[in-house]
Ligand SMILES: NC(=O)c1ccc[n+]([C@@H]2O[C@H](COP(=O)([O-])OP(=O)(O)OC[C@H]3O[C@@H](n4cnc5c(N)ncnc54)[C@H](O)[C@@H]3O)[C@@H](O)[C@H]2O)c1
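Just the one chain here, the form predicted alone, laid out as structure tokens.
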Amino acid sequence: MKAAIIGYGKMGREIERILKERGHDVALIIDQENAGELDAAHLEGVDVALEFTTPATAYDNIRTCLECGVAVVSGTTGWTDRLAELQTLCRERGGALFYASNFCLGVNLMFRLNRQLAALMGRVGDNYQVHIEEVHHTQKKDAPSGTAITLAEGIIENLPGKAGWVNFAPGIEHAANRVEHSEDTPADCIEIRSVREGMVPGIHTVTYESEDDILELRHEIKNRRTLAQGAVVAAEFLCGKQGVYGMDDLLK
């Protein structure tokens, strides 16, 4: 597989290491310094591009790849209000696009458990209140995380009475600014608390609390390697295919 890496930060470098370990060819690396080289000429012969950049650049990066006939795996979060546009473009062009807010296998298992737990909680009435907390390193540019939003959407789809989510402490830089609780959260909304501290790769916790007990569903990523490996496996899965895919398709 001949791959392009778009975004050469810590994640991009880890993806490069795993691609080479698995015998793939890294044909192109795009970062801020050479962003203008993301074009048809430089993408010629590339089988799949792995895009992990910023919310401000992801849409254009993915669109360029699709227009050049290159399959794309993307894990950039914070921009997905426009994801449907690219999925439509992908189908129209006969291209291939794989998007996930998190490529860790454990997190995707958590997504499934989260949906099942929300459905079960819907059967016990209003005894429990639910909220989500996500903790990431201080360099993460978006809040809440895409993973936290996916968790919230899974709850909304399966728990009667929940229609949306609200974020507290968006864009915070230090754990000292953490918001423990807000009385302003509407009853039909899920509160997502965002914490930024140190070099934490990612911790996500869904908490159901009643007057008598607390039930938590929690996942902690120990290092970026698990994310990079999942992205490379997704690229291997996507190579040679057409259509729009996500982690549920890969896990099947």
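For clarity, every value in this text was computed on a predicted model and none was experimentally measured. Numbers follow the displayed sequence, beginning with 1.
Omitted from view is the form predicted in complex with the named molecule, to which the following refers.
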### Query
Which pick from R115, K140, H131, K162 sits with a heavy atom within 4.5 Å of the named molecule in the predicted bound form?
K140
### Task
Taking 4.5 Å between heavy atoms as the contact cutoff, choose which of A152, A100, L97, V135 touches the named molecule in the predicted bound form.
A100
### Summary
With a 4.5 Å heavy atom cut-off to the named molecule in the predicted bound form, the contacting stretch among 51-59, 185-193, 207-215, 64-72 is 51-59
### Task
Report yes if any heavy atom of R22 sits within 4.5 Å of a heavy atom of the named molecule in the predicted bound form; otherwise report no.
no
### Message
Check A35 for me: does it contact the named molecule in the predicted bound form (non-hydrogen atoms, 4.5 angstroms)?
### Response
yes
### Message
Even though the partner isn't displayed, in the predicted bound form is Y245 close enough to the named molecule, meaning a heavy atom within 4.5 Å?
### Response
no
### Message
Check I18 for me: does it contact the named molecule in the predicted bound form (non-hydrogen atoms, 4.5 angstroms)?
### Response
no
